[in-house]
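What follows is one chain in C-alpha cells, specifically the form predicted on its own.
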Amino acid sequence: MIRLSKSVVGRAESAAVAHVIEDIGYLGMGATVGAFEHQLEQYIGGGRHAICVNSGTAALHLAVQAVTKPGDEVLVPSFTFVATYQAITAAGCKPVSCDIRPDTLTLDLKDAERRITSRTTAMMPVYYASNCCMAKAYQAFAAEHGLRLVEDAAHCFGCSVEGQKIGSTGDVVCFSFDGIKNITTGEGGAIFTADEEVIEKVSDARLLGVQKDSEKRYTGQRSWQFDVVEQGYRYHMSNIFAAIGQVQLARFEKEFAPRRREIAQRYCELLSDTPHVKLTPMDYAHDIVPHIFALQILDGKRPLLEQRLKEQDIQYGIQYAPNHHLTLFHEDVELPVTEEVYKRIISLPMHPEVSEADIQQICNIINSL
C-alpha cells in the first residue's frame, strides 16, 4: 500500500517520551510544554507568543472564543475540514459560508464582503493545501472592515509569505500538530498572537479557566486557590506531547520540509502538461511546505482515477466535503466555485516517506486516464 499520509516518528521521539516518563515523572502540562512553546516562538519569529493546546480544533475554538461573543458571525470558506466549523459553533458563533477563489482554493474576499452584516465580527480564512499566498490580503481586508482575523493555518506550519513565517504576523494564527501534519506532537495545536488580552484568555481557558495557572505549571506548581471568570476547557498540551514536538521541530527543516517540497515539485513536473489535470500554482521551492497535495481531475475522469488507484492499493483523499452540505451546517447558499472544485478535487500521497517510485507509479496512472 502507498499511504496517503502517515506519522514519521522514530527512536528520537520514543527517547524523548521515555525521558518525560522516567526522568521528569510528570506527564501533564509542565516545563516541557513551556520549553516547546519557547522553541516554537523562536522558530516562527515576529515576537509572537505561542500557546500550546491538545488539538488544532481546540486552538481554533479558543481563538474564536477570545475575540468574539456568542451570536457573532464569522466569515469562513465552506471548503474546509469540519473542525473549522465546529470550532466556530463551539464558541457560540455562526459560521457564514463563503466561496473560494478558483486559482488558490482559499477564501474569496469579494464573496466574503457581500456576506458581511452588522453581526459579522470575525473572519477565518483557511490555508487549504498550505496555500498561504493570500495572507497579507486577508490581514488588510480584516483591518479595512474592522474584523478580528483568526487564520486557520492547520496545513501551513513552516510556510512563509514575503520572507515571513506564517504565524509571525497578523492577529491570531492557529496550527495543528496532529499525527499527519508537517510536524506532530501526537495530537496537539498552537495559537500564535501578540494580543496580550488574547494570550491571557487562551492561556487560562485551556486550563479550565483557572486564572494564571500556566505560569505555575511551567515551574512544577499548581493553583490550589484560584478564581474562574470565563468558560474554560481541558485543552492543555501534555509534557509527553510537547516532548514529541521538540524532536519533530528539530527534524523539520533538515528532513521533513525538504522532502515534502521535493515530492510536490516532482508531482508538478510529471503532471504539468497533462490536459485533464489542473494544478494550483504554489512556490514549493521556497515558501510552501505542503501538508497535502491536492489537484483537480477534469473531464469527469475522477471516478476512473479513484478506481485505478484502488486497484493498485494507493490511498487518496477527497478533501473536503463542503460544510454547507453537512446536516448540522446545511445552508441553501450559492457557492459555485466550491461546488465545482469538490466534484474534481483529489489528494495524492504526501508524506516524507513517499518514494520516487511511488510518485512515478501514481503519475503514470493519472497520465494514462
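Sequential numbering from 1, following the sequence displayed. Please read all numbers here as calculations on a predicted model, not as lab measurements.
The same protein also exists as the form predicted together with a small molecule; that form is not shown, yet it is the one meant from here on.
Listed range touching the small molecule, judged in the model of the complex by heavy atoms within 4.5 Å, from 213-221, 268-276, 99-107, 74-82: Flagged stretch: 74-82.
Site test, Leu40, Ile244 and Gln248 vs the small molecule in the model of the complex, non-hydrogen atom cutoff 4.5 Å: So, no: the whole triplet misses the small molecule.
Sole residue of Val173, Met237, Cys159, Val126 within 4.5 Å of the small molecule in the model of the complex, by heavy atom: Residue within 4.5 Å of the partner: Val126.
Among the candidates Arg261, Arg148, Lys165, Lys181, the residue which, in the model of the complex, approaches the small molecule to within 4.5 Å (heavy atoms): So the residue touching the small molecule in the model of the complex, by this definition, is Lys181.
Partner contact for Gly188 in the model of the complex: the small molecule, 4.5 angstroms, heavy atom: Yes, Gly188 is a contact residue.
Exercise: Ala154 in contact with the small molecule in the model of the complex, heavy atom 4.5 Å: Ala154: yes, in contact with the small molecule in the model of the complex.
Ala63: touches the small molecule in the model of the complex, heavy atom cutoff 4.5 angstroms: Although the small molecule is absent here, Ala63 would stay clear of it in the model of the complex, with no heavy atoms inside 4.5 Å.
Phe329 within 4.5 Å of the small molecule in the model of the complex, heavy atoms: Answer no; every heavy atom of Phe329 is more than 4.5 Å from the small molecule in the model of the complex.
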